Each structure stands twice: as structure tokens, then as C-alpha cells.
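The chain that follows stands alone, in the form predicted on its own, written as C-alpha cells.
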């Protein structure tokens, strides 16, 4: 039996995802209207927030972070070596949300260094066709890190992850557990768009993986939400189907990992959406267990 709070979240998710009918027998009219007003206001506030990609400086070299590094020693791709840089990307207006959140953070300089190194990376073939390196969006001091697969056409154009239709769906799913794009940290396994939106190849993933490892080390999230097969297999080192890995909290170097479908897959297969909602509830419970406080 769902609790009142879980039922409210379920109804909210159905409404936000465009369900044709809602059954409100367990909610009073005042509660239902209150939910509608609350999330209309949240959506309006979210739409008013404008995020633009930052201008990279492209310093070479990816520094090491001692914590957790010993386990990765000996892997050929465990560190990014300095080398020939790609031409700087075009300057953009403003700064990303993560840049505004770096003030006063102990790891700010290290974060800028790895980000700027990624902006100039030419270590694999994917740099040849990119418009932008898509490094991250959101807050690098967030409790939750969301890891996807690779940028698509819209992400490549704007330099930010999850900004197309799949990103809009991701925003709605996060809202069902009182999270937002600005309150999480979003990135992909691969930072450049594969041609034709194909899956990244194993050598491309391996070459780009040190950036993701470094992001996880610096952000040090309380939980990771892994979206889609590429992210799940990369983080867990397992090739099982997502449906077999869902519903259980996994670990990446001690950090809880919750597995769910990629939002793009949900757009193609809407019948999976209730399962994704359940995965988000598992993420919520995991976070509440880690800190002992409610997100809602």
C-alpha cells in the first residue's frame, strides 16, 4: 500500500508526464489543487532560469587525486596525458551553473582544471565532429550525480547535457522526488557526440573514462543515478540487462548507484515509465537513508 506522500508523488508524476486521466479518490480536492499550484510555480521558476555554457580556457593535463586512485593504477586510460589541443571552442555568453557554484569550494581549482582539459581534448576520434565538449550541468557540490551515455545533436549544439526532449523528461522525473536540474550534477560517460547518435565504442568510452572518474572524485556525491545501458555497464562493470539490475542499490567505489532507463528509451517505450518512477523513489529512499532527512 502506498503512503499518502508516495501516492501524491505518483499522481504528480502521472500529471507531469501527460497521463490522460488521474484518479484522485485518495486526495482531497484541496490537496489536489495544492499540488497543481505548487508544481506550476516550480515549472515557471525553472523555465525562468537560463544556463549558458562557459568559455573554456583549455589548460593541458589532468591532475591526479590520491583518494580512490590506487584501485585504478595500472590501467592504460587511468589518467589523461597532456598533448596537442584542439582549437578553442567559440566563446559563449555567461557562465554555466556549475561555474557559479565553485566559489568557496575546496576543489574549485582542480575542477576547473579537469573541465578545461576536457574542453581541449583530442584523445579520440569523436573530437573531429563535435561542436562542443559536453562536460556537465548543475551543481558540482550536489548530493546526486546523474550519469548518462553521450551527448546528442542538441547537446552538442548547446554544450550542455540533457537539453533535448529526453532532458525535459529527465527534469520531470527528478521533480517527482523534489530534485531539479540545478540541485543535481549531470554529466555523461562520453563528452563528445558520436556521429549519427550511435552508441560510443568501447575504446571511446575507455579513453573518456578518466574524466568521469575525476568528476566523481571531485563531486563526491552521496548517490549516483545511472541512466541507460552505457552508463550502467561503465559504472558497475557488468553487462546485465537494465531490467535485471533495477530495484537494487549498487555501489561504485562505495557510492550508492541506482539504475534506471535512459529518458530517451522512455520516450520510445512509455510503458517503462512507471518502472522509472519506482527507481526514482529508490533514489529518494537511498538519499534519505544516507542523511536521515526527507527530500520532500
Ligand code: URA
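Source: prediction; values computed, not measured. Numbering follows the first chain given and starts at 1.
Absent from the display: the form predicted in complex with the named molecule. The rest refers to it.
Trainee: Would you please decide whether residue 152 lies within 4.5 angstroms of the named molecule in the predicted bound form, comparing each non-hydrogen atom pair?
Mentor: Yes, residue 152 sits close enough to the named molecule in the predicted bound form that at least one of its heavy atoms falls within 4.5 Å.
Trainee: Does residue 188 reach the named molecule in the predicted bound form, with heavy atoms at most 4.5 Å apart?
Mentor: Although the named molecule is absent here, residue 188 would touch it in the predicted bound form, with heavy atoms inside 4.5 Å.
Trainee: For residue 211, is any heavy atom within 4.5 Å of the named molecule in the predicted bound form, or not?
Mentor: Residue 211: no, not in contact with the named molecule in the predicted bound form.
Trainee: Find out whether any non-hydrogen atom of residue 135 is located within 4.5 angstroms of the named molecule in the predicted bound form, and reply yes or no.
Mentor: No - in the predicted bound form, heavy atoms of residue 135 and the named molecule never come within 4.5 Å of each other.
Trainee: Pick from 159-167, 102-110, 212-220, 124-132: which stretch has a heavy atom within 4.5 Å of the named molecule in the predicted bound form?
Mentor: Every other range fails; the passing one is 159-167.
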